[in-house]
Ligand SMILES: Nc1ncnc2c1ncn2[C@@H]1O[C@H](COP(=O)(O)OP(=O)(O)OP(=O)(O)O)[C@@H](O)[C@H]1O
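Only one chain is shown below, in structure tokens, and it's the form predicted alone.
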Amino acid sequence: MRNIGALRGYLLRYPGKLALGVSANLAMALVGLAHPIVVGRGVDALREMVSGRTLLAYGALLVGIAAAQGGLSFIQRMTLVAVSRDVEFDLRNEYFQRLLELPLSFYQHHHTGDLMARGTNDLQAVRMLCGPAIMYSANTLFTAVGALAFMTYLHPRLTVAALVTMPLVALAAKLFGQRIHTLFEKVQEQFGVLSTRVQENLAGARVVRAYAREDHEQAEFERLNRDYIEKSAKLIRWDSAFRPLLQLLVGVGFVVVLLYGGRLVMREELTIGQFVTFNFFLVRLIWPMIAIGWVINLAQRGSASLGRILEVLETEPEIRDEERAASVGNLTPSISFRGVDFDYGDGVPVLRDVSFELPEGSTLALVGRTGSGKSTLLSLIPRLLDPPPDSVFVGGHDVRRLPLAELRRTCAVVPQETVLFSASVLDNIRMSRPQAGLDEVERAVEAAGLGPDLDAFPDRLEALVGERGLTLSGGQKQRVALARAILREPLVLLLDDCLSAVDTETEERILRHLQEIFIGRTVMLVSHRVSTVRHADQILVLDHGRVVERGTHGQLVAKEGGLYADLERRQRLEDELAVV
């Protein structure tokens, strides 16, 4: 329940709606309390003399009370439910924004399905806490206080007798509430696991079918689904037992009132009308006593869900603008690494004492075995990973002291793993520069070697690529990503093995186009193919995170026993064998 305090800031963003809703709630409760008084006085009046005029007068009063309650109920629902939707809107936006800001390491420890569950089911539970729970708790409070005040005024001892079961109600609410909170957390966690399994199977549908794993995945899903149902059933059992128990305790109090109150009427300490009024107030009090169980249930569920959302919102982004970050205007695209050491927080070094200078407008290639640190090195430049202070420089400025937006506007990245969105080819390419014209997009497409493939699509640029680019081949996806980077017209172009899925002939054609794109830009590219890097101004060979060789293609090939020379010789032999 401690998480509920975090909602105060969100609710106070809408003080006008909140005040109007609570005021309407209070007015509705006060008008509702007039109903028992009117009924009781009507009973006593009719005992003295029955007349059509009296019946009409009290009937009109009751109709007026009902009409006023209906109007006030409409106002309080329209305002308080609207506030809950506003809070839901704000929370969802902040949640999504924080997901965009969090580092890659966060997603290594949190499954996508679980994060989706927090943004859907958990957010819905929080909305119920902000709307119906506030609405009913306020109504419960106002009605209970008013009813108790009038009951005490009518007969204090009878009121005490009516409340004899209240301590048991409070105890039941505490015990059941704690259990419901714990069980609901487990249900939501299991729903996250279930969602993750579905998401992974949808994303990996090709792999599942290729290895004929449909039956296995179906069995695993059924197991997870069964666990979810069992946890939900346990929660439902506790929830279902809670409300009848409250009704039973309230019913015992009602029996006490009938026995004791009946004796008071017989001794003429209460009139029949007063006794009727008291019982009507007791009925009014029964709803709050029952509703408190539902409100506590909503509060426990909402608190558990809010805690799961706050876990994400309160996670500070590791990579963000530092206080000393300042704009430098036109950033010169020279790159410098000065003794860079880097690890992923586990103490295992990925890069060790890496140093090099890359002047503006030149091309640097990175070559090395798998796992030698090439992709990590590229990720440090736009701060997709955070380098140590005073180690990586762009235009002579420490990248950690540059505003992130400014730094990343300078760069365009084509990652090793291509990510496309469920949209058209055009939308995926324009993601880097939404305002680009069609002629600019076409030039980027041709430069990326994607033109012939698009000509085979009925809708060319308007062709839908499907979720994660499912309808495209690996090479086509890479070229869409390359066109996206080219359209950006960046000062710094970072290519991480972005031609690995294309054939040699297509690669040569793309490289010829790229030679024109590279002019005036600072380029860093990673590749396992010598043919891709041979024209670079400088080549670095990495091994276990260290720069073990550096030079031009000619210099490195001439180095006997070197890693690069060995790689070039093996690839030349493979090409010769392929021709034979």
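As the structure is a computational prediction, the values presented were derived from the model and not from experiment. When you see a residue number, it is the position in the sequence shown, counting from 1.
The next section is about a form of this same protein that is not shown, the form predicted together with this ligand.
For the options G371, P244, G251, G437, the residue carrying a heavy atom within 4.5 angstroms of this ligand in the model of the complex is G371. Scanning F74, F89, Y344, F96 against this ligand in the model of the complex with a 4.5 Å heavy atom cut-off leaves one residue, Y344.
None of 372 to 380, 184 to 192, 395 to 403, 440 to 448 except one has non-hydrogen atoms within 4.5 angstroms of this ligand in the model of the complex; the exception is 372 to 380. Taking the partner from the other structure, this ligand in the model of the complex has a heavy atom within 4.5 Å of a heavy atom of H528.
Though the partner is left out of this view, T152 does not reach within 4.5 Å of this ligand in the model of the complex, counting heavy atoms only.
The closest non-hydrogen atom of A423 lies beyond 4.5 Å of this ligand in the model of the complex.
With a 4.5 Å cutoff on heavy atoms, V350 counts as touching this ligand in the model of the complex. In this stretch, 412 to 430, the one residue having a heavy atom within 4.5 Å of this ligand in the model of the complex is Q416; the partner itself is omitted from this view.
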